[in-house]
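Shown next as structure tokens: one chain only, the form predicted alone.
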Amino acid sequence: MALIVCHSPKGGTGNTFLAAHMALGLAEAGADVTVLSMAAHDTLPFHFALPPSTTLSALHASSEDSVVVSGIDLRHARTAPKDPDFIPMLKDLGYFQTGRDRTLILDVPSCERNLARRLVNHACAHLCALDTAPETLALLPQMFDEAGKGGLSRTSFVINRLDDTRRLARHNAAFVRELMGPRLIGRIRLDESVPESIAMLQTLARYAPSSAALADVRRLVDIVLPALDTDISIWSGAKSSSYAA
């Protein structure tokens, strides 16, 4: 019963996209996946081709009330940041162990840094989405500091929305790659198919099966999947070739 935390200290880096498509990829690989959104204004359903009016049930709600897409159980936990029993509840449910038989992916908003840090200490993996904007690079020391030594050992970084046609983006991505080393497990290219699929109320895989972003996420899934069954950090087993510049 593995726990994956998706959290970036900076908003706008595509954290929800990463959480949703990691869930879809892991489910395709045979994992039993639940995705839990903690955002006050939830955009998670958009990535599953659900209309804006969709309301997700709470984690403790009956299975009869759950929203299930492609075998993935979509839930929300908006009160989690203020609930002292939230983390003990996850422990009681068995999500602080390894094993892909049940996988819980948490989509934690950037503003909930304290909650994210506490969750990362119990997670099988922490995926931190970055972009190549200068303000993101300026926050990197803070990101390392907030993660702490224990949390950093579980943290892997992903560059999202990379426009490699832009010189600054390429240079900044190279800087991040040099700084992070094997902790940078991949990148997701900027792809207009992503917002287009949302506008068309279709999943990315259905709308654009040859999407560059989709191919990049699937490579990330191949890296993350084995980590669900072991205590070894994702980045420690990642090959340098996993990032194709």
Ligand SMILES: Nc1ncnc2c1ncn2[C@@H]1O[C@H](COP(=O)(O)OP(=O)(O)OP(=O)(O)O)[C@@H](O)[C@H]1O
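All figures in this text were calculated on a predicted structure; none of them were measured in a lab. Start at 1 and count along the sequence shown; that's the residue number.
There is another form of this protein, the form predicted in complex with the ligand, and it is not shown here; the text below is about that form.
Using a 4.5 angstroms heavy atom cutoff to the ligand in the predicted bound form, all of Thr16, Val194 and Ala213 count as contacting.
In the predicted bound form, the ligand lies within 4.5 Å of some heavy atom of Arg189. The shortest heavy atom separation between Arg113 and the ligand in the predicted bound form exceeds 4.5 Å.
The closest non-hydrogen atom of Ser156 lies beyond 4.5 Å of the ligand in the predicted bound form.
Contact check for Gly12: a non-hydrogen atom falls within 4.5 Å of the ligand in the predicted bound form. Exactly one listed residue, out of Ile198, Val176, Ala27, Val69, brings a non-hydrogen atom to within 4.5 Å of the ligand in the predicted bound form: Ile198.
A single residue from the set Arg75, Arg117, Arg161, Arg102 has any heavy atom within 4.5 angstroms of the ligand in the predicted bound form; that residue is Arg161. For the ligand in the predicted bound form, the listed stretch (41-49, 28-36, 54-62, 177-185) containing residues with heavy atoms inside 4.5 Å is 41-49. Contacts to the ligand in the predicted bound form (heavy atom within 4.5 Å) from stretch 168-187: none.
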